[in-house]
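Only one chain comes next, encoded as structure tokens, the form predicted alone.
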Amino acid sequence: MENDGKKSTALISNISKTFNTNKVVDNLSFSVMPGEIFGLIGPNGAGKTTTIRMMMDIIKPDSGEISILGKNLSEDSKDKIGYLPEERGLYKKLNVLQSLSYLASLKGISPTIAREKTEHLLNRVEMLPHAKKKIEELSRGMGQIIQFLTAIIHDPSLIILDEPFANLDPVNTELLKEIVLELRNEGRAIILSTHRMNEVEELCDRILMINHGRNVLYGELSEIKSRFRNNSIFLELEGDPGELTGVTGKRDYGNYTELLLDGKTAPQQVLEQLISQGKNVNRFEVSTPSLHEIFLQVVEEGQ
């Protein structure tokens, strides 16, 4: 398994889970490394949430092993995990300060340190003025920010975020992204599970796509995008490109043209032809599909 020569924060080896006769997770293996954001993606019902729940020891795998910081799951190792579940839930009658301080104390943090951390984090997200508000008085987005803070207040080594950007406005989405990147730069291992492929593309170093509980794509995002790269070029230039050796077709998109290659001609050879003809090239880009396009293609092939 790639990257496992290094010391992984989380190592999942051949886990499976069946409910009744439905195999929800099927012999799944992956690793999550310190200082990386790892995207866990897949269509609804693919097995993502079940995988996360097994990592949190909420449910047990039927087979396989889960290791956190080199140890099997235990109460001690679970304290090294921060978890933002998709199903949000805080004590509605407690105020913000009480909620964060109490949940920090459950992780063994002293009341004094818990309050210091709480005030620091609330200040970081510009919510210190709301510290005395009850959770039920907060907007949905503000409540989600508080729940995110409960996942990181104990300085976990592994942070699991399930749909962290749902219900957030653009300003708070950017704020949360900033904090996630800060945590990665501090050496935390972060699992990001989301349906928003643009967020995965922006933030993640590596991804695992699962479908029907099985691994269908796993590795570095840049390598995966390169693997699915189309055999074509996006071209923007003054005038018509004319006839070019190795180009089998053209698609006009108004501002730019897509040149379809024959599979034998390298993009560089096409660029050299254009330059030799004295063309003024404003854009020359080897087409690479978005992760959203790759996602749709892989899911469709797996139906």
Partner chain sequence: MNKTLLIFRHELVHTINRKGFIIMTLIVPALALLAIGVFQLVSTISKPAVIETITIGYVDEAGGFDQHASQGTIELVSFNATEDVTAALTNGEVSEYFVITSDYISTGVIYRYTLEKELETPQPIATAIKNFLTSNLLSGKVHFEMIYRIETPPYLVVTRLTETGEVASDQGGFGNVIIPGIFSLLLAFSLVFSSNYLVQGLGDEKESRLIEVLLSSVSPRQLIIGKVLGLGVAGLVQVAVWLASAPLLLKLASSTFGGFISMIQLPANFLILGIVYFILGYSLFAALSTGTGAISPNAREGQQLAMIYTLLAFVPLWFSSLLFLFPNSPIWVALTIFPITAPVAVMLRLGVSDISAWELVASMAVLVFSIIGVLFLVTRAFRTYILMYGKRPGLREIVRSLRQA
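Positions refer to the first chain, counted from 1. As the structure is a prediction and not an experimental result, all values here were calculated from the model.
The following text describes the form predicted together with its partner chain, which does not appear among the structures shown.
Across the options 220-228, 76-84, 194-202, 168-176, residues that bring heavy atoms within 4.5 Å of its partner chain in the predicted bound form belong to 76-84. Using a 4.5 angstroms heavy atom cutoff to its partner chain in the predicted bound form, none of Lys23, Leu40 and Ile66 count as contacting. Contact check for Pro129: every heavy atom lies farther than 4.5 Å from its partner chain in the predicted bound form. Within this chain, Ser139 is remote from the site of its partner chain in the predicted bound form, having no heavy atom within 4.5 Å. In the predicted bound form, its partner chain sits within 4.5 Å of a heavy atom belonging to Ile58. Within this chain, Ser157 is remote from the site of its partner chain in the predicted bound form, having no heavy atom within 4.5 Å. This chain is displayed alone, yet in the predicted bound form one of Arg88, Lys117, Arg184, Arg214 has a heavy atom within 4.5 Å of its partner chain; that residue is Arg88. Contact annotation: of the candidates Leu103, Ala189, Met209, Val96, the single residue with a non-hydrogen atom within 4.5 angstroms of its partner chain in the predicted bound form is Leu103. Shown here without its partner chain, the chain has only Gln147 in 135-173 lying with a heavy atom within 4.5 Å of that partner in the predicted bound form.
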